[in-house]
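Just the one chain here, the form predicted alone, laid out as structure tokens.
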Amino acid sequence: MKSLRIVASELWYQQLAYWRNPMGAFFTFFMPVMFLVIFASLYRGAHYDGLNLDQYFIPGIMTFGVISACYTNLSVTLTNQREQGILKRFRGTPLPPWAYMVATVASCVIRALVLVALTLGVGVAFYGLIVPAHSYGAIAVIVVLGAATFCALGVAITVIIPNADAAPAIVNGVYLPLMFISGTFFPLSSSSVLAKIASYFPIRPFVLASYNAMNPQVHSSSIHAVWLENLAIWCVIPLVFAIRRFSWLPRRRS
């Protein structure tokens, strides 16, 4: 119980600090909605798999929001804090390092859940997105596993980022190409070379699982095991790597 109180207290202060930076929070939540509006306008009247194309790409935009909150923001934030000496100072306080990391990851997951609710809410209210009642449990499992996977990747990639200036370039250079070849914003044939390459990485399984969960033509909440296995592998391996190699000390020379 004491450990839970420590984590809850640190999480509370991190949430206060985040929401007291309204411009940063605004653009975190504005970007996925902006992409949703842009692609909804571009794809108006288009169809995929017998459904309005909105039914495909809105779950894709949802996954984009989760990845942005749990991978991009987390990796850049941790790198900046490491290079500014903030993480080093935290190691000198009574707050256990694991509690700080758990609270930091939990704060990103909370933002991801808000993004999911916002994206799906806009999709249902304005673009005719159908979210079947039987799919709520599947969506929850997919979002939680996806958030855990990309948080683990976000922490792990800080190990190879040399400094704060390089963080945005490395982080975006890794995931933006994968976003496009994974069919996040438009459907790809599963037989295409790009789709086959993307299937080995976590973004495409995340997108496909999210679409399948919200597909009104699928009359069950089952999720393909291969998609979950892919996400689980990409969660566990980076997590083990991060636990062994994560650094709390700046890398810049004094």
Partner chain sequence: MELAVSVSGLRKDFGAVKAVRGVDLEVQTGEVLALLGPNGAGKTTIVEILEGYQTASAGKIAVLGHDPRHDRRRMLERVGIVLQETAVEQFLTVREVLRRRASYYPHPRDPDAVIDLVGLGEKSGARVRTLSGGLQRRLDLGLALIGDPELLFLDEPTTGFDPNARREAWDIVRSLTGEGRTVLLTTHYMDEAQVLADRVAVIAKGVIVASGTPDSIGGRDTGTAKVRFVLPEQAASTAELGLADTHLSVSPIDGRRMIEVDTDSPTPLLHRLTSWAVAHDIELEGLEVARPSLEDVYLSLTAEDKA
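Please read all numbers here as calculations on a predicted model, not as lab measurements. Positions refer to the first chain, counted from 1.
Keep in mind the form predicted in complex with the partner chain is missing from the figure; the text below concerns it.
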{"item": "Within 4.5 Å of the partner chain in the model of the complex, all of G137, Q217 and H224 (non-hydrogen atom)", "value": "no"}
{"item": "Listed range touching the partner chain, judged in the model of the complex by heavy atoms within 4.5 Å, from 71-79, 109-117, 87-95, 144-152", "value": "87-95"}
{"item": "Partner proximity in the model of the complex: L249 to the partner chain, non-hydrogen atom cutoff 4.5 Å", "value": "yes"}
{"item": "Partner contact for Y100 in the model of the complex: the partner chain, 4.5 angstroms, heavy atom", "value": "yes"}
{"item": "Residue contact check: R245 to the partner chain in the model of the complex, 4.5 Å heavy atom", "value": "no"}
{"item": "Exercise: V240 in contact with the partner chain in the model of the complex, heavy atom 4.5 Å", "value": "no"}
{"item": "Heavy atom contacts to the partner chain in the model of the complex at 4.5 Å, residues of 8-32 in sequence order", "value": "S9, E10, Y13, Q14, L16, A17, R20, N21"}
